[in-house]
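In structure tokens, the next block holds one chain alone, the form predicted alone.
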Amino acid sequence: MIDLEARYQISPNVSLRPERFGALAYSFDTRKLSFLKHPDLVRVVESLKDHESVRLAFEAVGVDEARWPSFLNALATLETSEMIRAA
């Protein structure tokens, strides 16, 4: 579960490749591939390292608060697959 007030970052051995639909995330450690299916999610993931909390990253990217639950679910999936981690 993602803590809205915690700081997260992309895992060190994960690479994001931009795509029309958003991006592909590839872990060189686990060899897992994840699809980030919306450009807003890509912007959030890329900006996590620059903000003290997930909440601040959402606000900085301009994600409407009504969309936060779906973004938190997506981030939880990325954390489970080791694409992002708590900082």
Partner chain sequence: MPPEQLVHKIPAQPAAATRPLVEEFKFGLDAPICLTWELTYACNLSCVHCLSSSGRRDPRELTTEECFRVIDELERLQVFYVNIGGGEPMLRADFFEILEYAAAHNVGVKFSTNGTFIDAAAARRLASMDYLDIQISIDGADAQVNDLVRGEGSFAAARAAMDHLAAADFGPFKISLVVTRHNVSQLDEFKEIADSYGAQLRVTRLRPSGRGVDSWAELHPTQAQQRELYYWLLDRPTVLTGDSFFHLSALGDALPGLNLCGAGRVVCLIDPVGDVYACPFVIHDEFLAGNIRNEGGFTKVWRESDLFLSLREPESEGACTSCGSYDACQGGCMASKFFVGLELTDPDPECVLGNAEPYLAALATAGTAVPSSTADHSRPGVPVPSPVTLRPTRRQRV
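Residue numbers count along the first chain shown, from 1. As the structure is a prediction and not an experimental result, all values here were calculated from the model.
Missing here is the form predicted in complex with its partner chain; even so, the following discussion is about that form.
Within this chain, residue 54 is remote from the site of its partner chain in the predicted complex, having no heavy atom within 4.5 Å. Residue 10 falls outside the set of residues with a heavy atom inside 4.5 Å of its partner chain in the predicted complex.
The closest heavy atom approach of residue 43 to its partner chain in the predicted complex falls outside 4.5 Å.
At the 4.5 Å threshold, heavy atoms of residue 33 reach its partner chain in the predicted complex. Within 4.5 angstroms of its partner chain in the predicted complex, the stretch 59 to 87 places a non-hydrogen atom from each of 70, 71, 73, 74, 77, 78, taken in sequence order.
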